[in-house]
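Have a look below at one chain only, the form predicted alone, in C-alpha cells format.
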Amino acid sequence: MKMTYTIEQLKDYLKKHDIKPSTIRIKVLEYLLNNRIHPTADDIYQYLINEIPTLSKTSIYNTLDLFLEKGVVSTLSLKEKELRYDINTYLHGHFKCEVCGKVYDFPVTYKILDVNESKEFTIKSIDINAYGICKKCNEKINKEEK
C-alpha cells in the first residue's frame, strides 16, 4: 500500500537524520518509503530517471551511502552481486523466493540469538536471511503438478 507523504514530511524525516534535504534525496527517500521491495541502486535509478532526466547513478549511490551512514537504510546482499537497500532498519529477517526473486520481511526477536545473552560480544548488526519458495509460487507449482 502506497502512502502519500508531503514534501514537508520528507524534509523533516531527512532533517531528523541530520541530512540536508535536496531534490534527489527527497525523491530517493519517497521511493524507498513507497516501494518496500528491497530495491537495488539501479532499481531506484531506473524509476527516478523519468522524473529527474539529469539524474546520474553516482548521485543515487552517493545518496544511498549517506542514508546508510545516517541510519536511514540498511543493506542486504542475499547472495547477489548488487546490494539491496531496506528502509526498515529495525531487527527483522528477509526471505527470498528462489522462484520469483521477491524479498519479504519477517519478524524476529533478539531471543532467537543466544549470543546476545553473552557479555563477551558487542553486537552491532544482525543479518537473518532465509531462502525457499514463497506462498504464491508454491500455489502456482502445486496447481501445475495437478
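So that there is no doubt, residue numbering starts at 1 and follows the sequence shown. From a predicted model like this one, the values you see are computed outputs, not experimental measurements.
Below, we turn to the form predicted in complex with the DNA, even though it does not appear here.
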{"query": "Contact segment among 28-36, 88-96, 52-60, 101-109, judged by heavy atoms lying within 4.5 Å of the DNA in the predicted bound form", "finding": "52-60"}
{"query": "Contact flag, Lys124 vs the DNA in the predicted bound form, heavy atom cut 4.5 Å", "finding": "no"}
{"query": "Contact test in the predicted bound form: Ser22 vs the DNA, heavy atoms, 4.5 Å", "finding": "yes"}
{"query": "Glu69 within 4.5 Å of the DNA in the predicted bound form, heavy atoms", "finding": "no"}
{"query": "Interface membership of Lys119, the DNA in the predicted bound form, 4.5 Å heavy atom rule", "finding": "no"}
{"query": "Residues within 4.5 Å of the DNA in the predicted bound form, restricted to 72-106 and counted by heavy atom", "finding": "Lys81, Glu82, Leu83"}
